[in-house]
Each structure stands twice: as C-alpha cells, then as structure tokens.
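What follows is a single chain, given as structure tokens, in the form predicted alone.
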Amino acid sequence: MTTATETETATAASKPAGKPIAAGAGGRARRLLGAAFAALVGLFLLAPVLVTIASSLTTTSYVTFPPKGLTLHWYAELLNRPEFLDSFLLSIGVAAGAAVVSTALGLAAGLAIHRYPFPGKSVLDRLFSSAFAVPTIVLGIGLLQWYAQLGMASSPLTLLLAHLVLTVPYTVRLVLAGLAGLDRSAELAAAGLGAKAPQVFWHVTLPAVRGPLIAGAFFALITSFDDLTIALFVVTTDMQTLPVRIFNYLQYNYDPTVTAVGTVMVLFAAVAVVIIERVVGVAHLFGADPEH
C-alpha cells in the first residue's frame, strides 16, 4: 500500500513538471524563429548595399556581381574625376545648411504652434503635416516655375531654399512631439525662482527638446543630401548635386565608378550614424529607453 501510494504521488508530481519544460522549449523555438526572421529581414535590407560595395571592387570595366577579381582601381578613378568631388562638396554643404536652418525654423515654428494662439494657427499646423503627402516631383515642378517667375537663377541658395521645403516639416513635427511631453510645471517653477525667460528657455525648454532637435537635424541632413527629384529641377549643368551627377552619369556610362561613389555615400551615412550614437545615442534620439 505504501509503495503504491508513493508511486502514484511521484507520478502525479511528475506530470505538471513536464509543462514548464515544454513551455520553455516552445519559448526557445519562438525566439530562434524570431531571430531567424529578423536576420532574414536585415539581410534583405542590406543586400543592395552589399551588392553595391562588392560591385565597386570588380576588375571589369562594367558593373557585375559577383565581382570578377578584387581591385581598388575605381576608387582611385574618382580622384581623376573632379566633377564628382565638386558635386559631393555641393551636396554636403547644402545638406549641412539645410540641417542648421531647418533646426532653427523647426524650433521657432514648433514653439509658436504649441504655445501661442494666433490667426491661422491650425492652417499652419496642417500645412506642415500635409507637406509629407505632396509628391516631390510636384514640389520640383512648382519650385521651377516659381523661381522662373521671380527671375532667380540656379545657385546653392536656391537649392537650399528648395530643400527646406522638404526638411522643415520633419523638424517641426519632431519638436511638437517633444513639446507635447514637456511638463510646463518645470518652466513655471524656474520662472517662480527668479529665472528670466531666456534662462528658462535655455536651461529648461531647450534640453527637453534636444533629442527631437538632433533627430530633425539628422533627418534634414540625410534628406537633403539624398534628394534627387527636386534637385533635378533646380540645378544646372554647371551645378549638380551628387545624386544628380550619378543619375546623369548612368545615362551614358555603366562602369564601376558609380558603385564606388555609392559606396562612399554609404560610408558617409554610416559615419553620421556612428557620430550620432556617440553623441546622444540612436535609441535616445528616437525616444526609446537605451536600457531596455
């Protein structure tokens, strides 16, 4: 009797113990499947970049993948084409200007829309939101006609103004999102302790929207540097941004020089991301908690 009872007790005790084991195995399987799916998605997204980098190393005089041999000849060839360097300097200069001006305008417009009532406030808010829905080719045609009516010749200034149409809405929306989470009691407390309005703005308001401002500047830099559609309408044969230069070059040539230029652009973007990560952290930049 005692032996049978002990056996039944041991059997009953052993049955529920199998469920956590099965659940643990199922959890591990789901994690493995999730990791495999994430790896496949990442590989799918990185595949065009990897193909471009590999194609820039080929020894052939045309773009091919997989590369036939390995050489850095096409990177050295870039030094013999000063037009690509001129276009790169123009693109990076305009992009840096767009980032700075967009940050200042976005901060001013965001504070005005969030804090102060004025006629046309709702219209201005919707205008900044609707800018994302307008096709860039429509903006390019409109800017071309507008510049023609004003008699404005193509220049880095007109290109910068055209890119601001694309970049300012990013900074405005990000600043508004940052201000929405700001507790006004901190500003009121600072003012109550004797801080003047500029001091409250510099020490309380500005640090609260620092992340959105940096994110807006980053988006403005990349959007301006990578723009092709609008730039096609406002540049000339003597003044071309790097994307426009690549586009025109591909119409008559198909050698690995363009893939070498593309690799340099990828390297530029990677360096920008590393700098952002070192300065503020990419996770913090987009509002995530880096500890989780």
Partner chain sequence: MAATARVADGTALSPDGSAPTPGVPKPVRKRGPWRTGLLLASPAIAVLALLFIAPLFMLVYNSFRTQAGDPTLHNYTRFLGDSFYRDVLWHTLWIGALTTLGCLVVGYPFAVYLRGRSPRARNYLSLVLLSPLLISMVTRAYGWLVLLGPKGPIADGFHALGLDAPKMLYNDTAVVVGMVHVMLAYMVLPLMGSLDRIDPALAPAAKGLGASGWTCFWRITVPLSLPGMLAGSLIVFSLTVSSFVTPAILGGPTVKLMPYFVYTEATSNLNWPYAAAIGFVLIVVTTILTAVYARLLRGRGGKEVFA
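What we label the rigid core is the largest C-alpha set whose atoms superpose within 1.5 Å from one form to the other. Positions refer to the first chain, counted from 1. Just so you know, these numbers come straight off a predicted model, no measurement behind them.
Quick note: we don't show the form predicted together with the partner chain, though the next part is all about it.
- Proximity of Thr58 to the partner chain in the model of the complex: non-hydrogen atoms within 4.5 Å are absent; the residue sits far from the partner.
- Contact annotation: Val51 falls within 4.5 Å of the partner chain in the model of the complex, judged by heavy atom distances.
- For Leu70, no non-hydrogen atom is located within 4.5 Å of the partner chain in the model of the complex, even though that partner is not displayed.
- Contact between Val165 and the partner chain in the model of the complex is found at the 4.5 Å heavy atom cutoff.
- Think of it this way: in the model of the complex, the partner chain has a heavy atom of just one of Ala180, Ala76, Leu85, Ala148 within 4.5 Å, and the residue is Ala148.
- Residues of 45 to 68 placing a heavy atom within 4.5 Å of the partner chain in the model of the complex, in sequence order: Leu45, Leu46, Ala47, Pro48, Val49, Val51, Thr52, Val63, Phe65.
- Core-superposed comparison between this form and the one not shown: the C-alpha position of Tyr254 differs by less than 2 Å.
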